[in-house]
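So this first bit is one chain, no partners, the form predicted on its own, shown in structure tokens.
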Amino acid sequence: MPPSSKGPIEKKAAPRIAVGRRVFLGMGALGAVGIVFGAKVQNVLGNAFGSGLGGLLPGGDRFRLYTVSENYPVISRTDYRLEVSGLVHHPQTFTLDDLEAMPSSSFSQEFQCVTGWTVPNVHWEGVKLSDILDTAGVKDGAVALTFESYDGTDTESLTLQQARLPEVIVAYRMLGAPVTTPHGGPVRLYVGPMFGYKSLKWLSAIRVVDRVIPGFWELRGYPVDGWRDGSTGPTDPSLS
């Protein structure tokens, strides 16, 4: 079903829930280590911290919730908008109702943070990113996508080929419930084959562009292609 809001709609400024800067700085340092050591980091941190010290500590068997902007933007269901623009034939503005009216995709998959911790069998539900791209109609010359967050700071990128993988979705449900604010709700990106930093929280905009534009974490030393299995992933002939 096409979105009910096809033109640009002004977004309301989202209220903020503050979190500590030291948490962000600590997670960034641990991420750099996690890229190198992977599961070894998880084992050490899990043994040191366990799973009962809350959502801000790395290690253990639960999500570790943090943000790069020192706050969580709070977006209500009725205020949520997702803008799709750039090299597309039909720029779109999706409401949450629009997304939920589209064919849904659901599956369970492990979530793996680049710092080493994982959460097994996380259930995800949302719209395949490929379906959103098909609705907007990608123009010739498009190579990649950039993603923006309601937090005003975080950004991410994928090539078009990566964006069309079946486990790349615009998610509005996880863990059997609507995506919560700390988890990046009401709508977040989920990139199943890649480390968690690629799964942008509080997704606000998708831009189709003519080149890969490194995101927030890539500009700070993380791989642009964050494959969880250490592979180079699918080959995109447009990048060769």
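We number the residues from 1 along the sequence you see. Just so you know, these numbers come straight off a predicted model, no measurement behind them.
Although it is not shown, the form predicted together with a small molecule is what the next lines describe.
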Heavy atom of Leu65 within 4.5 Å of the small molecule in the predicted complex: yes
Flag Met174 as yes or no: does it have a non-hydrogen atom within 4.5 angstroms of any non-hydrogen atom of the small molecule in the predicted complex? yes
Exercise: Gly215 in contact with the small molecule in the predicted complex, heavy atom 4.5 Å: no
Taking the small molecule as it sits in the predicted complex, is Arg207 in contact with it (heavy atom to heavy atom, 4.5 Å or less)? no
Only one of Val170, Leu82, Cys113, Ala163 gets a heavy atom within 4.5 Å of the small molecule in the predicted complex. Which one? Cys113
Looking at heavy atoms inside 4.5 Å, which stretch does the small molecule contact in the predicted complex, given the options 128-136, 93-101, 150-158, 74-82? 150-158
